[in-house]
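Listed next as structure tokens: two forms of one protein chain, kept apart as structure 1 and structure 2.
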Structure 1
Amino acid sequence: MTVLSWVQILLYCAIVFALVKPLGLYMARIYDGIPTGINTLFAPIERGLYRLFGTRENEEQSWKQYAFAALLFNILGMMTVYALQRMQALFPLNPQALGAVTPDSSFSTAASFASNTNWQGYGGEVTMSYLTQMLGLNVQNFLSAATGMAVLVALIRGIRLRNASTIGNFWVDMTRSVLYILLPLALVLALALVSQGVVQNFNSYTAVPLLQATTDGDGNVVPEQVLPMGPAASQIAIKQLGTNGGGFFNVNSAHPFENPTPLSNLLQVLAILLIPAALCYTFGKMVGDTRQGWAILAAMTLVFVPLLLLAATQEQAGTPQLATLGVDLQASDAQAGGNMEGKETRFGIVNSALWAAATTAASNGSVNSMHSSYTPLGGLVPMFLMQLGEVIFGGVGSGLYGMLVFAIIAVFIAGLMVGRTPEYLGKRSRPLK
């Protein structure tokens, strides 16, 4: 790898780590209801929402009530997304007059966006109307991320509380996650992305003349191409921040309207790990011992970095088959070298490998290169990072609650090995009653 490749990886890690403490501290204050400025400024909105939906802010829920609320809320969200897709032809904001999505695809997509997976069997620009994207998919981007954060906060409270029968209020945790954490960050990121050229409009698709006319398979001259449009920036910001990953366009963040420049690429790949990493600090702060949070973050980083380097070096090395074909695999000022198949020239090898590792370490799933075209071991890295259970950073909230479960298991195994009582943060693990 070139010096510049190392610099880019180091710069990336440095920025993520620099943001962990400020953002983590901010989130801890939000969940504990400590004034931070933003939550005093928007408190009337928060209280208004509670009044509107009949939520009593100080009413705590048992874990069963909390789980019931989370499941019910997500089922309703899923049904809404399903219905919107099936009926999109009847609704406005559909300039391409796209018809109803098939039942099985609608189910898959609804399950996918409600579960913070954002697996996409469809191509955005040829399947979903602007309304479906905004009201169905993008709303779920916020809500599924907030659900993960709420469940994490409930688990942290469980660790912190003593002899308590309640673990907080799901509706309050959801509202605070969306209003004070996800919305402000998404707004800032969306504007930054628009500045780089990410599209944000309600126009119908635009035909533009080609610089050089070409011919199709039947020999007909093709003088123009159709460019998809839409409110993309607002969706892309939260898709990265909320570890959702569902692209507005079919090729996701490899599309020039989703990710036009190296700077937009850096901002987006930072947004992928930002909240999952910062939540480690939030956890430490909320349990009253920030060293616990740093230890979890260290474990995540020590798994992430070697796997990232394996992917980057494998892709930079290329394949013997490419060498046999006479391809110059050396990196130089003029070319990226290595295995560039399926990668964008504006990102090159290292930014593609960095994205692939970050997007699968966090349960994001957006891509800026095609993972199927990676070298076998380069492709193994993203696959293995997912198979570890999405706990190396993982989804917002869900990654850390998964990792905390692993910590409980690790304490249990250590307890077996050295004959100590298994306890994590003062809580002994005993069979569930």
Structure 2
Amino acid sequence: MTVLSWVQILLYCAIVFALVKPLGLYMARIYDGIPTGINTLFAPIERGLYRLFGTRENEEQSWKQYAFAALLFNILGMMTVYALQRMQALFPLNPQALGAVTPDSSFSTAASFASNTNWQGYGGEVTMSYLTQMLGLNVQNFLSAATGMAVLVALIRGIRLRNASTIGNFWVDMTRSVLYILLPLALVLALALVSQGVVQNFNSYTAVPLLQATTDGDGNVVPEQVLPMGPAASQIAIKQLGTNGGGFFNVNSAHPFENPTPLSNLLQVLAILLIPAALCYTFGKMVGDTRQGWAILAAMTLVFVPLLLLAATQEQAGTPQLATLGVDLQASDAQAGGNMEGKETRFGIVNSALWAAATTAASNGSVNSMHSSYTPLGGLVPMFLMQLGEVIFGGVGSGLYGMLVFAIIAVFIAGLMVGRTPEYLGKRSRPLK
């Protein structure tokens, strides 16, 4: 790889790890109810939401009540997204007059966005109205991410508390996750993306004449191209920060209206790992031992960085069979070299490999290149990260509590091997009474 390639990787890692402590500390203070300054600004909204939910800030829930509230809330959210897709032809903000989404596609999309999977079986610009994208999918991007963060916080409280019958309040944790963490970060990122050219409007699709007319598959002359519009930047911001991944357009972050410049690419791939990495420090701070948080972050990093380097070096090396045919695979001023199949020229090999590793490590799902076009060993990296259970950083909240489960199991097995009662952070594993 070139010197510039190494600089790009080092810069990315440096920014992510530099933000871990300040953001992690901020989130710990938010969840513990410690004033941060922003609390004063949004306090009236927070209290109003509690009245709407019929709860109070200091009203605690047992783990059964907490779990029931989380399940009920997300089931209702899934039903709402399904209904919105089925009836989108009746609602405004549909300049292309798109019809109702089919029942099977509506159910698949509603289930995947409610579970933070965000699997797409549709082309956004030809299937979803602006209202469906904003009120359905974009809202679920916030709420599914906030659910993962709330469940993580409940688990952390369960680990740190002694002889307690409650683990917090789901509605409080959900509200604080959205109001004080996800919403401010998404607003800043969306404004930055708009500055780079990501579209954010309610215009009808725009037809522009081609510089040179072409023909379609039937031989008809095509003199113009239709450019999709829409409120994309606001959805792109939270899709990355919430490790959701669902694209506004069909080709996701490879689309120039979602990800137009190298700077927008850097901001988006930073957003993918920002909260999952910072939550490690949040965990350490909330349990009263920041070394535990740094240890988990170090374990994640020791898996992620070598895999990232493997993907980048293998894609830069290219396909050996092509080299035997005399194809020049070396990087130069005239070409990127390596394996550029399925990659955008405005990002190049390293930024494509970096995105592929980050998005599969975080269970994000967004892409800026075609993973199926990677070399065998380059493509092994996203496959391996997915098969690890996506706990190397992982989804916001879900990645860390998945890693904590691994840590508890490891401590349990190690305790059995040495003949001691398994113990993690002062909590001993014992039969339930």
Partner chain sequence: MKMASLVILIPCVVVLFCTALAVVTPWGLGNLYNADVAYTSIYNPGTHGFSEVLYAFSSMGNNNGSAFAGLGANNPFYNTLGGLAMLFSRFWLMVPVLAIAGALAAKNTSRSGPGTLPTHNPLFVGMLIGVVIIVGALTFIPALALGPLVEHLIMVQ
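Remember, predicted model here, so these are calculated numbers, not experimental data. Structure 1's sequence is the ruler for residue numbers, which start at 1. If you superpose the two forms and keep the largest set of C-alpha atoms that fall within 1.5 Å, you have the rigid core.
Enquirer: Only one of structures 1 and 2 is the form predicted alone; identify it.
Expert: Answer to the question: structure 2 is the form predicted alone, whereas structure 1 comes from elsewhere.
Enquirer: Take the rigid core as the frame of reference and indicate whether the C-alpha of T345 shifts by 2 Å or more between structures 1 and 2.
Expert: Shift of 2 Å or more: no.
Enquirer: Verify the C-alpha shift of P306 between structures 1 and 2: is it 2 Å or more after superposing the core?
Expert: P306: C-alpha displaced by less than 2 Å between structures 1 and 2.
Enquirer: Quick one: once the rigid core is lined up, does L11 have its C-alpha move by 2 Å or more between structures 1 and 2?
Expert: No: L11 shifts by under 2 Å between structures 1 and 2.
Enquirer: Core superposed, what is the CA shift for D216 between structures 1 and 2, in angstrom?
Expert: The alpha-carbon displacement, core-superposed, is 2.7 Å.
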